[in-house]
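Given as structure tokens, the chain that follows is alone and in the form predicted on its own.
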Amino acid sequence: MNQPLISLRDVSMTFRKGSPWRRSEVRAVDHVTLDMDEGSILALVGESGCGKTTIGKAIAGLYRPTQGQVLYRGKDIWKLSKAEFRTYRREVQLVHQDSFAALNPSLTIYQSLSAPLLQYGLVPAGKTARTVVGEYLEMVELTPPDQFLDKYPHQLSGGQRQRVVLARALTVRPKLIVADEPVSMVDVSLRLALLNLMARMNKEMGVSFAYITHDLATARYLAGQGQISVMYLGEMVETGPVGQVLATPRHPYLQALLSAVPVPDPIVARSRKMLALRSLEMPDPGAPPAGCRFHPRCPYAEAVCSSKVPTLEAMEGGDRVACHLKERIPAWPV
């Protein structure tokens, strides 16, 4: 059996907040376990504040877990040697949501993209860094590259800047790119082009993607043949193959998310019922409810839900669900 490219083992992340004399703790991620194979796509989905970005930064080595392990090719990234950690840093890249903030405004596009090439000595013999940077710009469909090399970030559109950020990630020949909401700040007309670009990078170059989003439609489009993990208040509530999970969601939270998605067919839209939640307010992440964290909002909640924490259990079809009532709640669509 092939070893996963990246693995999270019982990872938890706790942050402190407040003044020095009155501190409190927030458990942003709570006991998350997942695997990613080389060349795969994983979509991490959930509301704002659910912990998906924190998981992405833990995968990229920007956060050290409070508990648990992040394994790269079977090795704990925080126990790697200096040389191994340098390789890991090069092979796992992060693409931020805000492309303008991700690029140094005082550097040209050539200067931003050539820096990692020169840092890691990745310019092939007989070629100049400028030529190689131009080739990467062509890969992300910024053509002709001479029109972009000497421009500054503020001279590009949002979509062009996001392509530059993707090109910069590619320059170091990564094995995995953590893409944190990469299309949410881009015009709707350009989102499909960026998603297609990432899909092409995955198919032609074998780059794995951890795609972080709150948009189920883009998750389905990009990770259609991959995996999806749904987060709620720091916990993973459902995970499995994208087609299986979105076609037959078993957790009430995912059913609620899907019921809120607009349907273009008016006949289907009129026949579908919105899942009536008991509350529209998300609980305070600093003081999450006991038991199942979704139970104050869940329309199916029973006494056991408020007292016992559910665990992810395997179901038919390859998905895993953390719900006490998964065998009894109505099938989707409701």
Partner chain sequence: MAQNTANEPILRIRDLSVEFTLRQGTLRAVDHVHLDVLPGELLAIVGESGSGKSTLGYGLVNLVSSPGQIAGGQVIYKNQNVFDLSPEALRQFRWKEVAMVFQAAQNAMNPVMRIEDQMVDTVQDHENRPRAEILKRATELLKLVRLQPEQVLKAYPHELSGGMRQRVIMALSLLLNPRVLLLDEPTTALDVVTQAYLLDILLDIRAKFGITMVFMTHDISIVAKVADRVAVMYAGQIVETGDVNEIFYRPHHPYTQGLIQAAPSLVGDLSDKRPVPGSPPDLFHLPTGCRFHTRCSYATDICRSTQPTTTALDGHTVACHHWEQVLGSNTEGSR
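Numbering follows the first chain given and starts at 1. Fair warning: this is a prediction, and the values are worked out from it, not measured in the lab.
Missing here is the form predicted in complex with its partner chain; even so, the following discussion is about that form.
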Spell out, yes or no, whether the shortest heavy atom distance between R27 and its partner chain in the predicted complex is within 4.5 Å.
no
Would you check, heavy atoms only and a 4.5 Å threshold, whether A83 touches its partner chain in the predicted complex?
no
Look up in the predicted complex whether K57 has a non-hydrogen atom within 4.5 angstroms of its partner chain, and give yes or no.
no
Counting only non-hydrogen atoms and a 4.5 angstroms cut-off, does H31 reach its partner chain in the predicted complex?
no
Partner-proximal stretch of 63-71, 278-286, 300-308, 36-44 relative to its partner chain in the predicted complex, 4.5 angstroms, heavy atom
278-286
Residues L190, P262 and P266 all lining its partner chain in the predicted complex, heavy atom within 4.5 Å:
yes
In the predicted complex, the one of L170, I77, M198, L258 near its partner chain [non-hydrogen atom within 4.5 angstroms]
L258
Selected contact from T248, S157, T131, Q119, since only one has a non-hydrogen atom within 4.5 angstroms of its partner chain in the predicted complex:
S157
Suppose contact means any heavy atom within 4.5 Å; which members of 200-226 contact its partner chain in the predicted complex?
H214, L216, A217, T218, R220, Y221
